[in-house]
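This document opens with one chain alone, in structure tokens, the form predicted on its own.
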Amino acid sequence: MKKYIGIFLLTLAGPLLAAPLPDNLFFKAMQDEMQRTQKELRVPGSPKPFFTAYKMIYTTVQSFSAAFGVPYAAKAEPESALEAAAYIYAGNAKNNSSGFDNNVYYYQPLVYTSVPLSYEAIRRVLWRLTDTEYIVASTSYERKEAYKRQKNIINPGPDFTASPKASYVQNIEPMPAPDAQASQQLVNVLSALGKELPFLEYFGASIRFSQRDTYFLDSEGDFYQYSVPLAVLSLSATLRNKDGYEEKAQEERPLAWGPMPDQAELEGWTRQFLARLQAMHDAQKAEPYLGPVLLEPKAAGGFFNQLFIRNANRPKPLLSAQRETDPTSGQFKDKVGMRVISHLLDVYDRPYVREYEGKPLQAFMPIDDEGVEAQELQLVQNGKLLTLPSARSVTEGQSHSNGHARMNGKTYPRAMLSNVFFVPKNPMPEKELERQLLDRCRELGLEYGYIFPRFPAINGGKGEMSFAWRIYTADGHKEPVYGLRLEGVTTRSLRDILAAGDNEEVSYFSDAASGIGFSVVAPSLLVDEIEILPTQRKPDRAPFVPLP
């Protein structure tokens, strides 16, 4: 990881330094096809290409897995795949085809996978992508202009703001070969620990080593290449609790590249997961509850993912002839200057950061996908929302992009966050948070409170959760509970945070609408009020014969 830390320190020193276009087959193919596109791609009666971009992602992956101590067949060599994307804005800076969704199925750049690594193959793919994408862009431009005339929409600002040229070049080397024998032996040992719990129907462990090499070139001369390595250890299990409900659980731990971590430490981490599985098996069903909840760091990450990040992303809605509102646009677009979260936290988006306390972050981004240098943002200060991510097509009140346009094979560039840090102002130890939880429960006349290890996916203010801890005010003892259904969880809960811990952890998430990944660094949280009801899910049919 040393070379990546060095790059991070350089980027903190000031603006990105100009770099020559790398001499490799990716950029040679992209540059040659870009020049031809800008010079020759014209259709009489249609708007010309205004902005064109190519993005290529070469991913290398090698995994090692086992279940109950028995290894899965592992491939001897890493697997690799190349994805290529092309997108075009047709029109001009004031009015172009971007930001219009005339058909949800066409609102995506086309992507080819498993492209052969040769100049000729990549050129042909880019040519085909460009040709198809130009049809989509020119059609979108015409329909967008017709829609604006129909609705009498006058652009408050340009669809594409100017930005200084940006370039970033990291020397990319092939993914280093993992120690296959040590990796396989580790997952064998960890997964074999699952035999200690006879009720487990499945218990597996896996290590996934990956490296994502990204290459980008646009028609304004912006370009970048960089690599993001990730190593993640995962545990997963399936069981039936004592009442017959089938439950699934998973735990992930980011690993630093380099020497394998201490096996004894990882065995201890696995036994903690097994203790949670035992508690899930023995748990009693939830009862109605309304009161304070303590979120452990992973739960806090999910809480912020659902309620803050989702609502800060895509602040500029798409225009659409199909629907009046854009359901993917976050609710915070109209709340800049307002208090959106407890004053106990400040929030930052840090696209340049590669790791936190030795754990890799997955959304490193020196330049965004519209060729703009990415900026660190202080999103929240003293609970007040200061700004939001922006792309070249800015929202009202903004004059330029802050370099947060992100895309993948499912979406065109939209303004989105990357590595989001929730920084507590008065952090306190976990035991103090538990004490404050119990004090608050006593103040409200409650017999117990709740501690969440994870936070569920919220849909319309509701979410199903398989497991939590109930902690009693009389003596502080804890009991496991299953079948929790959260009700009425909204962004209001962000302002109900009473305290935060000193135990920040890294969590990985993917955007539900696009699949784009980002990282969250968050501590434990004490939230004043969450409503819990018992699940309405029915128990699964018991097996005809017990586990062997």
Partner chain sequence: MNKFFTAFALLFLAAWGWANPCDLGQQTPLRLMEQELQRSFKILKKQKPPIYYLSYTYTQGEEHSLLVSFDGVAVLRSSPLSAAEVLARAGSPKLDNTHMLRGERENWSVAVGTVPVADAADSKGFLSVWWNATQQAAERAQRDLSQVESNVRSMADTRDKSDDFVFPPQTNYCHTEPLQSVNLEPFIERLTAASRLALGKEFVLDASFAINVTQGHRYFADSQGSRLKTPYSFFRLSYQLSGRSKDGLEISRDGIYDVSSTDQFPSQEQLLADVAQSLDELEELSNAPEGTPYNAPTILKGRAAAVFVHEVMGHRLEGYRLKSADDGQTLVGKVGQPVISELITITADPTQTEFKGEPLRGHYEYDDEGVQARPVVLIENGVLKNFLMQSSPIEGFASSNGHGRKQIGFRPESRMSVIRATASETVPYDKLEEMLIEEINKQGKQYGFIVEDLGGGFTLTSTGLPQSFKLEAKRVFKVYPDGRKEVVRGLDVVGTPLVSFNKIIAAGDDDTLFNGTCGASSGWVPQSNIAPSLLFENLEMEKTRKSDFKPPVLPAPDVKGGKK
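Given the structure is predicted, the values throughout are model-derived calculations rather than measurements. Positions refer to the first chain, counted from 1.
What follows is about the form predicted in complex with its partner chain, which we do not show.
The stretch from 489 to 497, 63 to 71, 45 to 53, 512 to 520 that comes within 4.5 Å of its partner chain in the predicted complex, counting heavy atoms only, is 63 to 71. In terms of contact with its partner chain in the predicted complex, the residue from Val228, Leu274, Ala121, Ala249 that brings a heavy atom within 4.5 Å is Ala121. Taking Arg435, Lys75, Arg442, Lys462 one by one, only a single residue has any non-hydrogen atom within 4.5 Å of its partner chain in the predicted complex, and it is Lys75.
Interface membership of Asp179, defined by any non-hydrogen atom within 4.5 Å of its partner chain in the predicted complex, is ruled out. Although the partner is absent here, Phe421 lies well away from its partner chain in the predicted complex, with no heavy atom inside 4.5 Å. Contact between Glu447 and its partner chain in the predicted complex is not found at the 4.5 Å heavy atom cutoff. Taking non-hydrogen atoms only, Ser114 approaches its partner chain to within 4.5 angstroms in the predicted complex. Contacts of stretch 126 to 147 with its partner chain in the predicted complex, defined by any heavy atom lying within 4.5 Å, are made by Trp127, Arg128, Asp131, listed in sequence order.
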